[in-house]
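Starting off, we have a lone chain in the form predicted alone, written out as structure tokens.
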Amino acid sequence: MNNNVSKNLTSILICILTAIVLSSAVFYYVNADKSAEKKYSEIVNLFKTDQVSEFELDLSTGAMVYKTFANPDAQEKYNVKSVTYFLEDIRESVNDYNEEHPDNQIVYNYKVSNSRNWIISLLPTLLIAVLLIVGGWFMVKRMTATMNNETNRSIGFGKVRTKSLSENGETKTFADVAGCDEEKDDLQEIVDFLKDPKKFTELGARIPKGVLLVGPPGTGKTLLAKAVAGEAVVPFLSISGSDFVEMYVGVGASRVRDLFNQAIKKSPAIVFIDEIDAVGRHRGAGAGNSNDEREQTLNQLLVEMDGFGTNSGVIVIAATNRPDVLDPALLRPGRFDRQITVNRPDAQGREDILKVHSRNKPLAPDVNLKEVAKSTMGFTGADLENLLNEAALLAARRHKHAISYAEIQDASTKVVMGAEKKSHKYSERAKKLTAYHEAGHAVASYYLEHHDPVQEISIIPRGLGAGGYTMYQPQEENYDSKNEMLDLLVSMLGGRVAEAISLDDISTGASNDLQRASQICRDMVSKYGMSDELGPVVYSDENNEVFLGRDYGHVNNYSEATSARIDAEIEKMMRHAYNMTEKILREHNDKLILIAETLLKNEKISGEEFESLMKTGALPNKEENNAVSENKDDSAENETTDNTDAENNDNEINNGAENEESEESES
């Protein structure tokens, strides 16, 4: 502090001296007589040679103003140093000239200036000096403040900016977390230790230093970490993995040290690092220099997690959806001792999550959350929360006071497939092609033993460029068997085969179906060992995601000959599925035409209507169904009118627009 004060005083003194020197220079420049460049002898000689016609001399200051005969309009100045000597030198010349030229005498005048004049003459200079001093003062003050700010910023870069639950005013507990009971049981030990560590230390138990939460996005990893802090009633220090990395070298490591220092001071506490894969990736896997800033940050993190003692009361919880890219040293016991996988919820878990998110939402009597949970297989907790929010928005748009099952169904379709584009018009040929394409999917799946039943068929364009869709009602959480995957291939190829059979042409609408079907065949052959030709051998890595640094030099672990056999087996499976699809649709061509023509007329077919058409050839309760359909169309038209501006920005449907079917293929 004293050093800073002395530096500031020195700077101020230098600034004041500089201002004085500058003001003196300005004063000298302003008051200096340019005629002073002439010598005294030259001025006296002007008088002796009778060149001066008029002059005025200030006897107090020696300031003289004179004119010459040669240039009577120009007035020149000269400062006489000694008035007495000057008057003696010019008196004789002036008197002689005036006697010789009585009609054209030299006009002269002597005056004595007021004593205050010199003070007045100094006022501009003094004013400039004051302005310079004041300006210098402010400049020094601002420079000092800037230097202090830069110092604080440089120091602040090494400080970590954590977030606590108290800042946001939110406190979560396990009651706010649903659909992951086993995960909560694993974390309950952490809560018990933070509440009563003595119970564990007496038995010689070592509580895990770190817990790694692994799972797909939206499954509630961050919510679980907040719930642990809320249950234990301890400080919760939250930071993202990307917050450690800055443009300045050494900042990441400094922030890691500061983070753990803060945690130890607030012990017992929870340190939560979200998206830890941003800072915890494999060392030496960078495409450039391996000794980069991120790796230094990771090294410091490893040291700090080893540094704080066992049972110190600081628990590190981290979350990631890319555990495959984490450095092995980060996952060893003593750092992240426990890994908890937070999977997508099952049917019961989804029902519990829906109950949590529907607490403050009025539900109509026809809403059965158990049925909603069954129809949303593969949804995460975030997806279910978004589903109920979209349903609430639809209910408000339709001027309802409660969320009915119709809004939940419409919201589910909107979340999966996007908003309807009923305002988009396309040709009858494209509409017919879409109808037969979707009908091919539905009819082919109807005659497959291991396929889910149809939930809804539509040829109304939706988001993501889909000209139509066929949705299925999942019956089980997973499709793991070979027969189920083979049946899925057949249903996926139904659209392409239906186009070829009914329209004698094919379109680009099946490109997504072919891509997904080809990937399933490749997984069956090279990942799941379901090929009779190649046998139960895995020819691909378990994780298909590419990590550039690690996989840059990766090569296949099988020969080119084996690669050719894999490609041949994939082609064989695709051709077999295509032939099966063609056989089904040719045998039931009348059903294909019936479903397609019904789609062309009504644009939508529900699951019940599809079952009735396939069994009886007619829609159920036709008159009542038409009335219900008209009511639905009116509400849908109102919704479309509200969203016309937003939907007009979407892509237009081309001829033979891409048709996508909604397959719940992953859980």
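All values reported here derive from a predicted model rather than from experimental measurement. So that there is no doubt, residue numbering starts at 1 and follows the sequence shown.
If you look for the form predicted together with a small molecule, you will not find it shown, but the lines that follow are about it.
Asks: Only one of E582, D324, E484, E385 gets a heavy atom within 4.5 Å of the small molecule in the predicted bound form. Which one?
Replies: Here the answer is residue option E385.
Asks: Just one of R281, K221, R344, R496 has a heavy atom within 4.5 angstroms of the small molecule in the predicted bound form, so which one?
Replies: If I apply the 4.5 Å criterion carefully, the residue I get is K221.
Asks: Decide whether I353 counts as a contact residue for the small molecule in the predicted bound form under a heavy atom distance cut-off of 4.5 Å.
Replies: Contact with the small molecule, yes.
Asks: Looking in the predicted bound form, any heavy atom of E569 within 4.5 Å of the small molecule?
Replies: E569 lies outside the contact set for the small molecule.
Asks: Just to confirm, L301 within 4.5 Å of the small molecule in the predicted bound form by heavy atoms?
Replies: L301: no contact with the small molecule in the predicted bound form.
Asks: With the partner left out of view, is K266 within 4.5 angstroms of the small molecule in the predicted bound form by any non-hydrogen atom?
Replies: Looking in the predicted bound form, residue contacts with the small molecule do not include K266, since no heavy atom lies within 4.5 Å.
Asks: Where does the small molecule sit in the predicted bound form: which of 497-505, 402-410, 512-520, 221-229, heavy atoms within 4.5 Å?
Replies: Going through the listed ranges, the match is 221-229.
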